[in-house]
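The chain below stands alone, shown as structure tokens; this is the form predicted on its own.
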Amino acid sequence: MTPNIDSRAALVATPRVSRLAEDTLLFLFTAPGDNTPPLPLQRRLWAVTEELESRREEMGLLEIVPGMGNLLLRLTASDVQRLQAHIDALTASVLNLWSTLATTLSPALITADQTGQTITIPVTYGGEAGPDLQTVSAHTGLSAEAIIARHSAGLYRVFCLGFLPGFAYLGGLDPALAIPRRATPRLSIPAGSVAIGGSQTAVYPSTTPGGWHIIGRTDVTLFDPARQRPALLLPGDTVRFVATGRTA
């Protein structure tokens, strides 16, 4: 199973721009209500991010934060008189870059299957490791065995990092497994918990409150600040889950 890939999707989005603060802009490249952008669109966003990173000082950017179908930019300090001109110039530059990449990115690049590393994550499903497996079963009408089979058969792509250090939002979830987030979040979810929230799946890298449905757990360390690459998963990486068993 591969993530939904439609090369046309990278060409049709009309960016929307919001000013979140005096010095902060949010560019939205997906339609309202779209939680998981098509992979070609996200690839194009990564290309925009890479170009902005190479011109960070020139463009006066303090922060460049890519998300799922969106991009947050925070400007360096500027006097009030010059700030609006800076905002206008930056907005025009990003929109022009987005448009230019639509014609300069090759179809092979925006539909390519591989960008980063391929990482395999072993998972124990159900039982204490996955207390919400039966809830997902009741919602989807699938047996626990079918859920495990579908989830571990998926090929997932890291779209972005957020929420916690090392928390990777993964696209490519089988639509049959989609389930709304819990009405009441848990106060504490163990590190390594494998979860489904909406149309996405993820692994909690550390113990934290959270509202996704926990279907399993892994012993793999998702984030370690002592490693050369602290976050195991980075945007563009491919993830496979391997079922190592199911507890009672």
Partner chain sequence: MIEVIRCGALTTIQDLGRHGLRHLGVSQSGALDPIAMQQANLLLGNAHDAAVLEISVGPLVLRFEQDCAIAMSGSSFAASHSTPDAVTETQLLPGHVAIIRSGETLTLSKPLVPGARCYLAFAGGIDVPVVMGSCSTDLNAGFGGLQGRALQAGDRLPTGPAAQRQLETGKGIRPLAPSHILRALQGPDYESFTTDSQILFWSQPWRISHQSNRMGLRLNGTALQLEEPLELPSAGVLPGDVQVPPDGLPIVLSNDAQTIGGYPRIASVINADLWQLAHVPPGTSVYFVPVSLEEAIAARARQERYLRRLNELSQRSVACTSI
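Keep in mind the model is a prediction, meaning the values are calculated, not measured. Throughout, rigid core stands for the largest set of C-alpha atoms superposing within 1.5 Å between the two forms. Positions refer to the first chain, counted from 1.
Keep in mind the form predicted together with its partner chain is missing from the figure; the text below concerns it.
Q: Name the stretch: of 82-90, 144-152, 171-179, 123-131, exactly one has residues whose heavy atoms fall within 4.5 Å of its partner chain in the predicted bound form.
A: Only one stretch qualifies here: 82-90.
Q: Within a 4.5 Å heavy atom cut-off, is residue 40 in contact with its partner chain in the predicted bound form?
A: Although its partner chain is absent here, residue 40 would stay clear of it in the predicted bound form, with no heavy atoms inside 4.5 Å.
Q: Would residue 223 count as a contact of its partner chain in the predicted bound form, using a 4.5 angstroms cut-off between non-hydrogen atoms?
A: Looking in the predicted bound form, residue contacts with its partner chain include residue 223, since a heavy atom lies within 4.5 Å.
Q: Answer with yes or no whether residue 35 is in contact with its partner chain in the predicted bound form, where contact means some heavy atom within 4.5 Å.
A: Taking the distances in the predicted bound form, the answer for residue 35 is yes, it comes within 4.5 Å of its partner chain.
Q: Can any non-hydrogen atom of residue 199 be found within 4.5 angstroms of its partner chain in the predicted bound form?
A: Heavy-atom contact with its partner chain at 4.5 Å: absent for residue 199.
Q: Can you list, in sequence order, the residues from 139-163 that come within 4.5 Å of its partner chain in the predicted bound form, counting heavy atoms only?
A: Stretch hits, in order: 160, 161, 162, 163.
Q: Superposing on the rigid core, is the Cα displacement of residue 70 between this form and the one not shown 2 Å or more?
A: Yes.
Q: With both forms fitted on the core, check whether the Cα of residue 88 differs by 2 Å or more between this form and the one not shown.
A: Yes; that C-alpha moves by at least 2 Å between this form and the one not shown.
Q: With both forms fit on the core, has residue 229 moved 2 Å or more by CA between this form and the one not shown?
A: No; that C-alpha moves by less than 2 Å between this form and the one not shown.
Q: Regarding residue 193 and residue 33, go with closer or farther for their CA spacing in the predicted bound form versus this form, the difference being 3 Å or more.
A: So the answer is farther.
Q: Taking the shown form as reference, are the C-alpha positions of residue 230 and residue 56 brought closer or pushed farther apart in the predicted bound form, with a change of 3 Å or more?
A: Distance between the C-alphas of residue 230 and residue 56: shorter in the predicted bound form, by 3 Å or more.
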